[in-house]
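What follows is a single chain, given as structure tokens, in the form predicted on its own.
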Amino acid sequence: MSNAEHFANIMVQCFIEAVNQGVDLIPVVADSTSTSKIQPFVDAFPERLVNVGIAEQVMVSTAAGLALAGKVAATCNAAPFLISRANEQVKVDICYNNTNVKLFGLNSGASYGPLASTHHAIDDISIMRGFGNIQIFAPSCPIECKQIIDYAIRYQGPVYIRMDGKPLPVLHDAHHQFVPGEPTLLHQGKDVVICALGSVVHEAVEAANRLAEKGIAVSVVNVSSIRPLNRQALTVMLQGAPHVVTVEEHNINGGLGSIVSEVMAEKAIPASLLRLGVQDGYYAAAGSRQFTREQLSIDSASLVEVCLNLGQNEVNHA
């Protein structure tokens, strides 16, 4: 695996490997063959792809039917359309009926940048957390992405995987082993704890490295497993620093900021909390990925400034 990989390419390679190993896997797309980068799978197994056209509700219901017939079904399309257009089918056909479907939300967050709110998926975690019977993951790097997908394909039951739309470099070393439910500590420090998920974990790690040069010791917690989640393990990682910051390319309501605030309240962790992301009542700004993240204060440079000024600007960002 190269240093930077597109998650959709990793997904397709995992599909090919699974079928070669005897898994009866059927990908279902909604005219999203380009978005899903599925062509190598089609070349290898032309009879296995189901394309329902631009009909996300049909895509999800078809996947549920295939699962009920004993297949491992995987839907592959853009996260904003999966979540918004097929909401009822995900809720009823997948979650309520506990069907063995793997939902891949591609190009999540603000991956589509200039295409604006119609194409941004900034509420997918909060919506999925409201449904029962579904596991939820947000990989941060190629190594973790492959391990999560391999796990999901073999797990019996519904899974949602939030996938970023840009190539990302490796964060974890070759010995890393993904464990469902377990947050991972990528950086350790006593002054600030930054919790992040998905592609913005890279921003958090870069900020921690730059803050170390300024004498600020930062812990970076990667929360790639949203459900299940070992809350006791997260509690341990949140303790010991006076400030906690959550970072996500998602609305602060219902996503990582909500999860961390719940844990801190339940465990009475005595620290300040600053939730960074799309603020309450707003959408993500349309523009380049860098521009959008700067507007949300979730790029590495903004995180450095935020952490340097903790205790002074918490009211302005909360």
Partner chain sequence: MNPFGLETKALESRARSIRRRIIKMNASSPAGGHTGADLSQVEIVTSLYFRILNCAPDRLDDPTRDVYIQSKGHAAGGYYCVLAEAGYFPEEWLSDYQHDGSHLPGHPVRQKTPGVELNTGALGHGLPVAVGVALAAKRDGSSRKVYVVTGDGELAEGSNWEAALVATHYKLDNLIVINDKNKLQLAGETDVIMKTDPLDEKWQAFGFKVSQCDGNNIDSVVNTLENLTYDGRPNVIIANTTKGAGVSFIAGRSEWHHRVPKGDEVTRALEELSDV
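Positions refer to the first chain, counted from 1. All figures in this text were calculated on a predicted structure; none of them were measured in a lab.
Only in words, not in the display: the form predicted in complex with its partner chain, which the text now covers.
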Select from the listed residues 273, 285, 52, 38 the one whose heavy atoms reach within 4.5 Å of its partner chain in the predicted bound form. 52
Listed residue that, although its partner chain is not shown, lies within 4.5 Å of it in the predicted bound form (heavy atoms), from 219, 111, 89, 184: 89
Interface membership of residue 99, its partner chain in the predicted bound form, 4.5 Å heavy atom rule: yes
Quick one: does residue 71 come within 4.5 Å of its partner chain in the predicted bound form, counting heavy atoms only? yes
Although the partner isn't part of this model, could you tell me whether residue 266 comes within 4.5 Å of its partner chain in the predicted bound form, counting any heavy atom of the residue? no
Closest heavy atom of residue 66 to its partner chain in the predicted bound form, within 4.5 Å or not? yes
In contact with its partner chain in the predicted bound form (heavy atoms, 4.5 Å), from 176 to 184, 209 to 217, 111 to 119, 91 to 99, is stretch 91 to 99
Taking its partner chain in the predicted bound form and a 4.5 Å non-hydrogen atom cutoff, the residues of 25 to 49 making contact are 26, 47, 48, 49
